[in-house]
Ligand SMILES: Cc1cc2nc3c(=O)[nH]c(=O)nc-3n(C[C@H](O)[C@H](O)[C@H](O)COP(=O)(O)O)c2cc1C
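Here we start with a single chain on its own, the form predicted on its own, put down as structure tokens.
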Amino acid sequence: MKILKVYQVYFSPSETTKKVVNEIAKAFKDYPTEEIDLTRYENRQNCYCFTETDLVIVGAPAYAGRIPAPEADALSRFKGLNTPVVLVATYGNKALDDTMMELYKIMTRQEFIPVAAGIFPCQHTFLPELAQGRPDEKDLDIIQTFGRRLRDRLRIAVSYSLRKLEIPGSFPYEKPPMGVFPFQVETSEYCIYCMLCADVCPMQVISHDNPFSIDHTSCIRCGSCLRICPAQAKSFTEGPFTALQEILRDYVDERQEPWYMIC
């Protein structure tokens, strides 16, 4: 299989999915590479076309067991031509559910050929103690090994001889599409009007004129604005958010391990 260029594609408000995709791509450092960050609103409005000599490494985080709706929409405008694709799903150590299956269905529908798949636990957005610090050194070693084995496999592979991947998940999907969470982003009086929250918001739902003005119906609760706020003026609605955190604490002591498969 002749690869001439490698694309790193991801939706990663917390930058952990980006980190995993980037680590896999390090094995292909001798190839021309390009990153397509679908976290950025403007990038999600574009159409992208790929050929059989491109390799696309696409990463998606699990949002309530499915691909984030904005990423799913963006990937529907990707067009392959028997293009090899590496499917990467990340999750917060609780449950992947149908995330990988949905990623597989979207990419094969767009005429990509899955040549490998990997599932990697990452620190949870809503509870930092859940998979805290992951991907950690052990994870990164596995991710890098995955990348090297994939590179070596593709050098000798013929596309039509690739065996089918065993993709986890259900189809029809058991999980409904990502819905609205029972909490919202709130802004306190400590806000300094730096507007960093509006700049970083992947959904562009925070007004650039008034950081207190947020379109909660379109907000996906990714936490980008909370992480970037220098005044710590952003937070999730305390009661409902605390209740969710208590549910997640049941999974803190159970370490999930990475999984990958190469055709």
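Sequential numbering from 1, following the sequence displayed. The shown structure was predicted, so the numbers you read here are calculated from the model rather than taken from an experiment.
Omitted from view is the form predicted in complex with the ligand, to which the following refers.
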| item | value |
| --- | --- |
| Proximity of Arg221 to the ligand in the model of the complex, heavy atoms at 4.5 Å | yes |
| Contact of Thr83 with the ligand in the model of the complex (heavy atom, 4.5 Å) | no |
| Contact label in the model of the complex: Thr125 to the ligand, heavy atom within 4.5 Å | yes |
| Contact test in the model of the complex: Ala62 vs the ligand, heavy atoms, 4.5 Å | yes |
| Candidate stretches 104 to 112, 142 to 150, 86 to 94, 164 to 172 - the one whose heavy atoms come within 4.5 Å of the ligand in the model of the complex | 86 to 94 |
| Listed residue that, although the ligand is not shown, lies within 4.5 Å of it in the model of the complex (heavy atoms), from Ala72, Met178, Cys191, Ala157 | Met178 |
